[in-house]
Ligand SMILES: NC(=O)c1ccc[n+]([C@@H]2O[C@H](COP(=O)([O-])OP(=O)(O)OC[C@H]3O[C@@H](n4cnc5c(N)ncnc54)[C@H](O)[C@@H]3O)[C@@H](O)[C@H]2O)c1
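Quick heads-up: it's one chain on its own, the form predicted on its own, in structure tokens.
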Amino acid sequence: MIGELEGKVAFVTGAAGGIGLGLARAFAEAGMKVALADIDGALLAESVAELEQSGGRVLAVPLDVVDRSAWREAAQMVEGKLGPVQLLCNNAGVSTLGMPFDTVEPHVWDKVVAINLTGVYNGVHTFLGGMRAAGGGHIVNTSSIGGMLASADLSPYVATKFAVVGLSEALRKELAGLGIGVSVLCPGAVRSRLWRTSRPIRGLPDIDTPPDDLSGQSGRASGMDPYEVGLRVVDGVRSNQPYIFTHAQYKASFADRFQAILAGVDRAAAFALPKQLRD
């Protein structure tokens, strides 16, 4: 696995703000060289300058996670300036909180899938070969509590985040023998810009203040500090944890969900077949 973090290279998408920036800050404090990737070039430059002032060795990488040619260029840039990537954090994402399914047009669905799920594929596809050649590394894919517990009026987001959990679990089994660890990050409410960066997906204009409806949830002061998420991820990577959670209060809801699953299995076992199928 990745072992000691100091001196190694981390690549974080969606890193201009929110959880991504919290991850980058925690990795830099752990002594890593950090490539911050984001589609928002202006904000990215500000965030990189902030971390540089704190003594971090960081690099700004403009990146649209949907653009595979941009991924190739990003990998070349990072490897040329910082070295081979040993920790990949596929963190970029968008939300559809507050959108009933019958309001989700096909172009919205396609865009959410492209960013939240295919963007993760693109990251792993880009850097997996280098990790394999180096004899190890670690991948962190950002899902959500919404990737474990479904919510109404959030179906495209929930579908992609459930998929990220499944993809991460499959990769963990597949890559363990290669010395590559895989963790899935499932944060609860975290203070971030997700409310704002998701507005274009929904065809809404940019605004400076989070709206009062559900779509503004990630802008509320009650959310966890993204830096705390970063510290939890550092701990999870060091100990190669399969799941990294930020909020313990969902434990009872997880138990309810898994109980419903087990009840379904019990019902399958007790199902009475028609006589013609029993004979």
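Residue numbers here begin at 1 and follow the sequence given. Computed from a predicted model, the values in this text were never measured in an experiment.
Keep in mind that the form predicted together with this ligand is missing from the display, and what follows is about it.
- Contact check at 4.5 Å (heavy atoms) against this ligand in the predicted bound form: all three of G18, V94 and K161 pass.
- The listed set V237, V58, L63, A26 contains one residue whose heavy atoms approach this ligand in the predicted bound form to within 4.5 Å, identified as L63.
- Contact with this ligand in the predicted bound form, defined as a heavy atom within 4.5 Å, holds for exactly one of A75, V124, M148, V190, namely V190.
- With this ligand left out of view, the stretch that reaches within 4.5 Å of it through heavy atoms in the predicted bound form is, among 76-84, 174-182, 98-106, 136-144, 136-144.
- The closest non-hydrogen atom of L88 lies beyond 4.5 Å of this ligand in the predicted bound form.
- When contacts are judged by a 4.5 Å heavy atom cut-off, A30 does not count as touching this ligand in the predicted bound form.
- Under a 4.5 angstroms non-hydrogen atom cutoff, this ligand in the predicted bound form lacks M131 among its neighbouring residues.
- This ligand in the predicted bound form is approached by L194, whose closest heavy atom lies within 4.5 angstroms of it.
- Although this ligand is not shown here, in the predicted bound form the stretch 39-54 places heavy atoms of I39, D40 within 4.5 Å of it, in sequence order.
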